[in-house]
Ligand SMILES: NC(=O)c1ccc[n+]([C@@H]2O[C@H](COP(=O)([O-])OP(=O)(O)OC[C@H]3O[C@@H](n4cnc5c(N)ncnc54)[C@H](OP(=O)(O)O)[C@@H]3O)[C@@H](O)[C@H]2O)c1
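Here we start with a single chain on its own, the form predicted on its own, put down as structure tokens.
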Amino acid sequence: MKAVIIRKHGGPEVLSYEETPDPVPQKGHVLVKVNYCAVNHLDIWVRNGISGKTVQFPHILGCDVSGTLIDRFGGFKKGDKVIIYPAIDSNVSRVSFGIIGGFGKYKGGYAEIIQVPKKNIIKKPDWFSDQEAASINVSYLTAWNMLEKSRCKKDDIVLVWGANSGVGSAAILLAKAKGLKIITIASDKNKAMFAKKLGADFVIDRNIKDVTSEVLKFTNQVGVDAVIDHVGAKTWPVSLEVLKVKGRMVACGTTTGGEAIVNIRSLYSKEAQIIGVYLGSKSQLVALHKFMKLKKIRPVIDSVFDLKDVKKAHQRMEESNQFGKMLLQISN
């Protein structure tokens, strides 16, 4: 089969498009022909490498997959269109779970065929296209879990960082459908316009205005009920500062670094909470599918690349030039 292999950590240049043997299914596993695989920041982190995290080389990235079953099992038939729930049992102490194509033993979806546990297979909802089905399992599920953990109710105010990203755009769409008021952050005029089209009530261009003062001005100095922070070290201080009394900061990512400086006095004096979120459960993913159907929400797709052009996709993500999800087309 054709696949994109990495044999060491590094920049996009370590991504090698080549022929590699088909996987042989182990007991309790099944093979899926990959139709589309989304590109996520996890792919960048694994490709670059993170201190203390290990990868078994050669490795195949890609955790966000829609495809076609190669063989029948249980209630599934050969040829069924399916999606793959990305979480697997963790082999690392004090970590909730691993992710297919991430740090761990499971190779991902940057390949024509992927092997996954049978329990990770979900039938593709017929109201999503193959492209849309590959856009939801990571960014949208994470955003959904973050919003649920935020415990926000109708008319609460939520701050969402990174409006143009996968998690950011998903959070805006889902929060709007839940009836929340949304403040979001963009880095230029085009991204601000994109955020408004998604449904944001107030957009701050961080290169022109001070985020903290603008958020507090919009909320009459009260602060926001919750912050959706998937950015990391650079945004944590502001995220905590703009919370209202008993507000919740929900965090999931480390794009700008994994070690942040926290104003402890600000945290405890307003009795705020920091809540970590790591993807979401399989049952949450099924519930998300139903919610998106009910609310007629379509995932925002930025672009589709051929698998052999994966380096271009990684470069686009690293430059933060995408507006929504980016996909790799493997077969269809």
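Keep in mind that what you see is a predicted model, and the values were worked out from it rather than measured. One rule holds for the numbers: they count along the sequence shown, beginning at 1.
Separately, the form predicted in complex with the named molecule exists; it is not shown, and the next lines address it.
At a distance threshold of 4.5 angstroms between non-hydrogen atoms, residue 235 is in contact with the named molecule in the model of the complex. Put simply, residue 35 is far from the named molecule in the model of the complex: not one heavy atom of it is within 4.5 Å. Heavy atoms of residue 228 never reach within 4.5 Å of the named molecule in the model of the complex, leaving it off the interface. Contact check for residue 196: no non-hydrogen atom falls within 4.5 Å of the named molecule in the model of the complex.
For the marked spot (164, 317 and 320), a heavy atom within 4.5 Å of the named molecule in the model of the complex is present in each of the three residues.
This chain is displayed without the named molecule, yet in the model of the complex the stretch 251-259 from 126-134, 251-259, 80-88, 67-75 comes within 4.5 Å of it by heavy atoms.
The contact residue chosen from 178, 191, 107, 181 relative to the named molecule in the model of the complex is 191, the criterion being a non-hydrogen atom within 4.5 angstroms. Put simply, of 217, 119, 206, 151 only one has a heavy atom within 4.5 Å of the named molecule in the model of the complex, and it is 206. Contacts between 35-72 and the named molecule, taken as any heavy atom within 4.5 Å in the model of the complex, involve 40, 41, 42, 45.
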